[in-house]
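Just one chain is shown here, as C-alpha cells, and it is the form predicted on its own.
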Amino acid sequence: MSVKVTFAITAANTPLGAVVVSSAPTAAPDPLDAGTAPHRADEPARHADPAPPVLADRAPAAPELARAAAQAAGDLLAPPSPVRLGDVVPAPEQVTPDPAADFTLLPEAAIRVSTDAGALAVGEQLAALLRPATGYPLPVTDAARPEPAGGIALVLDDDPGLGPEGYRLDVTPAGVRIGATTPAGLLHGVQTLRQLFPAAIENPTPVAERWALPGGSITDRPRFAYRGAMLDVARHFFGVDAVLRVIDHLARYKLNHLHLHLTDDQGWRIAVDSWPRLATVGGATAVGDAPGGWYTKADYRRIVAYAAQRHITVVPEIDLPGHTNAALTAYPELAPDGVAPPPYTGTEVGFSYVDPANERTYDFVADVLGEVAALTPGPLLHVGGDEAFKVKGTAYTGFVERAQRIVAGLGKTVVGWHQLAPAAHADGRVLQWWGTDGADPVTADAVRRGARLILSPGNHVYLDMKYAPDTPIGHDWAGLIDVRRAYDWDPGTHVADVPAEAVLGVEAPLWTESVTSLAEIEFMLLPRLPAVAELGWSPRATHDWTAFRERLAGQGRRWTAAGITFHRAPEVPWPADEPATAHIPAQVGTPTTTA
C-alpha cells in the first residue's frame, strides 16, 4: 500500500499556525483485517464518529501545537504498527482498519476516564498493564466527558446496542477512545487494546520500543453470556497466588466465570466453621504424596474480590452426593455405614457417597452450602452430582431435588453436572454438559422442562486431556485434544434437540489428577484456552481455523515476554524465533497449605 502525505505549517486563524496532515491511501487495507461484516438486521447501522468542528476563533496553545507537530513528524518517519487491527483473540465482531490513523503512545500520555468508581478501577488496571514495559507514568484522572487528548480515554456511553459487556474501540491520531455501557465492557476493551500494542508490552520491565497502535475502530460484544474455565483444586491443591494467576489468564481472553472444584475424594479445600474437620482432616491429603491444603474464608474472599475486580464471577462447587471420601473421613456419621473410610489419594471415581437416607446428611448440605453461599456474591452455586454410581434411581433424584431446594432457599441458582437432568426442574437450573456424544435425549428433555446448558464436551474442552500421545501429563479417556479440536465445534448446535437460546455458554474444565504446579496448569491451558474463549465470545460468522491459528500464533511472543508457560502446538505457526519444542520448565511449586 502507498500513502500520499502532505505536511504543512499554515497560519490560518492563529499567529502560530497549525500542523495539517492529510493522507490518501491508494490501496485497500489488508483483507485479513477487514472484518467489516454488515450491520445486524435488528439494529441501526453503525457509522464512524463525526469529525469535531473546527473552532476558527481559538488559537491552539503552544504545547498543544508542539505535541501535534512531534506526533505528525514521528508518524511520517515511522513504520506502520507491527500489529494489525484484526490480530485479536477472541475475534471481534466488527473490525474497520484505517491505516492512516495509527497512534503512538508517548511518555506524557494520560488515561482519562468517566467519573465513576468502576471506570476509574478499569483505568487503574490499564495503567498497571502498560506502565511496566513502557516505563511511562500514565496518570489516571476522571472527567465528566473524557477525551483522549494524546492519550487514552475510557468512557461510559449510553449505547444499548453494545449490551452489558460490549465495547467500541477507536484508534485515531488523537489517541484511543474505548466506550462501553458498563465497567465490564470497558475492561474487555482494555484487553483488546492490550493486544494491539507490540508484544513487548507484556515485559515486566521497561523496554525500548515504539508503542504504536493500528488505526481504526472495533465494535465488539459477546455471543454467550457465560464464558468460563474450571480449576480443580481438590485433586491437587493450589495456593491463592496460583488461582489469581489463572484469573488473569481468564480476564486476558474475556472469560467471565471461574468455576472452582473445591471438594472431592482426595481433599476438601474450603473452611466451614460449622464442620471444621472438613478442612483440618479432609483437607490434609491430595493425589499421591502431594501435600494437602485448604482456603480459609479470608483466602476465599481474596480470590472472589480479585476476580470481581476483573469482572469475573466465581462459581464454587461442592460435589454431592458422590466424590465425598474426604468429607466422610472427617465426619463418618455421613457415611452409609457410619464408619470413617481411610484417606484416599488415588484417582478412581464413583465409590464414595453421603447417605441420602440420613437426615444428618441434609443438615450437612444446608450448613456447607449456606456458608459457601454467604461468601459468594455471584448468583451460581454448583452442587456437582456426577459419578454417584452407588446412589441410584429415586434415591439419587430425591437427594438432588432436596439439594436444589436448599440452594434456592439461599437465594442462589443451582448448577450441576448434566447427571442432574432426570431430577425435577428447579427454577433457573443450569446443567453443565460434559458428554462426548451430542445425542443426549435425557439432557434435551431437561432443557424442554426449562434447564439451560453450559457446554463442556469432554472430547473438545476437557483441558486435562493430552494434546498428543507424547504429552508428558494429562489423560486420554476422552481422546486427544489438540488446539484445532478445542476450536472446531459450535456450542450453539452441539447437543441434539437443544436450541441455541438454551445454551448459556461454554466452560473449559481442567482436572488436576496429573497436574501439580502452576507451570503445568499453564501448559495445559495454553494455547487451548483462547480457542474456547473465542467460541464463547466471537460471532459464529468469524469462526475460521486458518485465520484463528494465525492470530493465535501472535500470542506466543506475548506469553514468552510475560513469563507464561505454554505448549508450542505444532499445528500453530509460531513466529520463527519461537522454539518449536513443547516442554514444561522446572518451577518451584506454589504454596500448598493454608491454615
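Not measured: the values here are computed from a predicted model. Each residue number is its position in the shown sequence, starting from 1.
Separately, the form predicted in complex with a small molecule exists; it is not shown, and the next lines address it.
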Completion exercise
Checked Ala305, Val349, Ala298, Ala143 for heavy atoms within 4.5 Å of the small molecule in the model of the complex; positive is Val349
Practice task
May I ask you to choose, among Phe197, Tyr253, Tyr462, Phe523, the residue with a heavy atom within 4.5 Å of the small molecule in the model of the complex?
Solution key: Tyr462
Problem - Interface membership of Asp386, the small molecule in the model of the complex, 4.5 Å heavy atom rule - result: yes
Practice task
Please run the contact check for Tyr331 against the small molecule in the model of the complex: heavy atoms, 4.5 angstroms, yes or no?
Solution key: no
Exercise for the section: Find out whether any non-hydrogen atom of His475 is located within 4.5 angstroms of the small molecule in the model of the complex, and reply yes or no. Expected result: yes
Problem - Contact label in the model of the complex: His257 to the small molecule, heavy atom within 4.5 Å - result: no
Practice task
Work out which of the listed stretches, 179-187, 506-514, 289-297, 369-377, brings a heavy atom within 4.5 angstroms of the small molecule in the model of the complex.
Solution key: 506-514
Problem - Output flag, Arg235, His323 and Trp434 jointly within 4.5 Å of the small molecule in the model of the complex, heavy atom basis - result: yes
